[in-house]
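What follows are structure tokens for two forms of the same protein chain, given separately as structure 1 and structure 2.
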Structure 1
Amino acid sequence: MNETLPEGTLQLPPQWSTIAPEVDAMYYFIYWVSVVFTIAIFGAMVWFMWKYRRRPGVKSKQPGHATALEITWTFAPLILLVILFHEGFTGYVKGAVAPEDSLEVRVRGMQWNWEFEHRGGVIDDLNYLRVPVNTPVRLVMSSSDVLHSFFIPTMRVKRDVVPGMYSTLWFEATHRTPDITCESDEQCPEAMWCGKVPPGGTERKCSLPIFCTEYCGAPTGITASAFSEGGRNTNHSTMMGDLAVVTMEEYDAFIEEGPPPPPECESADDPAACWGENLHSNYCVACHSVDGVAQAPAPNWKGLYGNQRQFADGSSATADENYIRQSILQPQSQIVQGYSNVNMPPFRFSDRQLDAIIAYMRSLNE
């Protein structure tokens, strides 16, 4: 059942995308050009070094004029360079312009995680990107803090992710990633790593690594690798993600249902509230506390549900399901009084996720 996976070479990782063969062909072309030049130059050097080593009684000869030779080796390489440039540029344009019918995925880089939002506002688990096989996928990327760069070696794509602007890249994966459970990288096929537990799963799976290649710092006190532990990344060198290539059917099913609840919530007393708590600790805990004590920088969630809200523009409303839903999807539509100096970013959750958050808020009031 395992279709054969692409294999890499000593120099380049396996080719997982449609553009990879072209990029590699260019790479090997210039590689062989370099090898020829290196052998020619080193060969001449070594030969002269041997032949004209200093010997008693043998004097050096002074060079005469060799203008023809000089002009030849000044301009002959130009032809080669023009070819290199032309091939490289056409390849680049192909990689830069996405096909019309590409599927779009929004990517948000932040210190030190990647967030992926799919069609219909479905946000997948943090650092987990799934794409359908044999379909061009266009990533529209932005950063909420510093520079990052999105890099998938097996797809031969890379693009800086810049705050204050959108950048895009596209690729078309040619193989589905096999379902292999793992505990360490060695158990995974070439150029794959043992990624995190996929959303809704219970065991870690091999996936294609996504790297951040623009330096983005680290907080103090980070010592151990976060790779094997899953969860949130801690610094530039662990700002990685999992790329899972799935079939179109699997992808569509995922979009229909949104990301599944974490498996540990299935057996919880209140599965919805458990999921909501999980979402809170992934996305909201930085600003919102839930203990009813701490206030800044955002309203406390304890006692929020059903409460009367006072807004900065003087109006007011009751915090019911619809209000909370809107506060999450469009936070700027009404600003709670006293909190106008921090901007809450909009979150796009599936209906099931929103229900889970509301269930969690309600459970805080009990």
Structure 2
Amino acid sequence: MNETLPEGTLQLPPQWSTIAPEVDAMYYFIYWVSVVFTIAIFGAMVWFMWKYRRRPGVKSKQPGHATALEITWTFAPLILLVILFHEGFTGYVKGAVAPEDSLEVRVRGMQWNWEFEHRGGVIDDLNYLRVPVNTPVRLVMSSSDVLHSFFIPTMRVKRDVVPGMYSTLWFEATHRTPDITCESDEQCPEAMWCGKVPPGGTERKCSLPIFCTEYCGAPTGITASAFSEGGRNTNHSTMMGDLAVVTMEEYDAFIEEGPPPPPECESADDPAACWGENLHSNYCVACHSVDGVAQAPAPNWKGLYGNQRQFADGSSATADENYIRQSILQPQSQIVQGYSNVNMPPFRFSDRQLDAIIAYMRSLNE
């Protein structure tokens, strides 16, 4: 299906949502009012400087009062301010109140990733959000650690994601993202970039960028490029995501089936363990090693399954399927002895993904 994609202007990216035209209209109204008044004020300044410049033999008169003129330039701007307030507040209300039939997606921000949970508890791939076209989507957002800010330029939506509270925004995409394979941003249409490999895919695809526009505390010493493979989501400045706009049929199929396993695992001897290894590489490798040696900053996975775990409160349990599932979904419920200072965020995986992680842990023992 060939679809004509929107084009941007000199100052703003293309309009991909229903609310974007109103936001842009308000922006350009303020912009041109500012331009007109800037020219008028500076023009008047230059004219008065020339007309009343100091000249030999001419003595300046004592300035008087023009009461009518002073009242006019004091109260006349109120008309413009009322117009700006009315239009701005109307646009704010439209952007803040989602339609009643909106599709709801749960968003969690964490250093340095975005997690998206759809209806039925289906979790999309980390930093990957898919939404149906021509359907209002309401995002209910929270933070697992520090202050973040969710921003999609093409949708004209931005909202802070604050620890300890929920914030919301909504948008309705008007176009589908084209199915374009890419190796660099230059191969993608305007305002799109060459994103990550989509779940179940084998090649990178063009997608709409998602940014975090709040400084949430980046560690020092990280120099990875923000746009190179492997450089994203390693610090604050690279906390990014990909937005894919699909048909409702494709979205419903995703909800029904859940995130697919990687294609390379289909031919593996143990597809579930292969998928679990892939999930470990994407989500867990920063803290959990699998070499049987390193035990920091979190317990090593090799040899973990089936063994006794001693907890900080003095109790113990066997690391079976139920223990592993609870440790992933509710990591603070059973804190392993010696790891009281570790604050692992809760991850929301589908049942198939949890089964894959458990299968991978079991394979490490073998």
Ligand code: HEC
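We call the rigid core whatever largest set of C-alpha positions still superposes within 1.5 Å between the two forms. Remember, predicted model here, so these are calculated numbers, not experimental data. Residue numbering: sequential along structure 1, first residue numbered 1.
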Which number, 1 or 2, marks the form predicted on its own? 2
Large Cα move at Phe37 between structures 1 and 2, threshold 2 Å, rigid core: no
Please state whether Ala20 has a C-alpha shift of 2 Å or more between structures 1 and 2, with the rigid core used for the fit. no
On a core-based superposition, does Glu277 travel 2 Å or more at its Cα between structures 1 and 2? yes
So, with the core fitted, how far does Gly64 move at its Cα between structures 1 and 2, in angstrom? 2.7
The CA shift of Tyr339 between structures 1 and 2, rigid core aligned, in angstrom, is 8.6
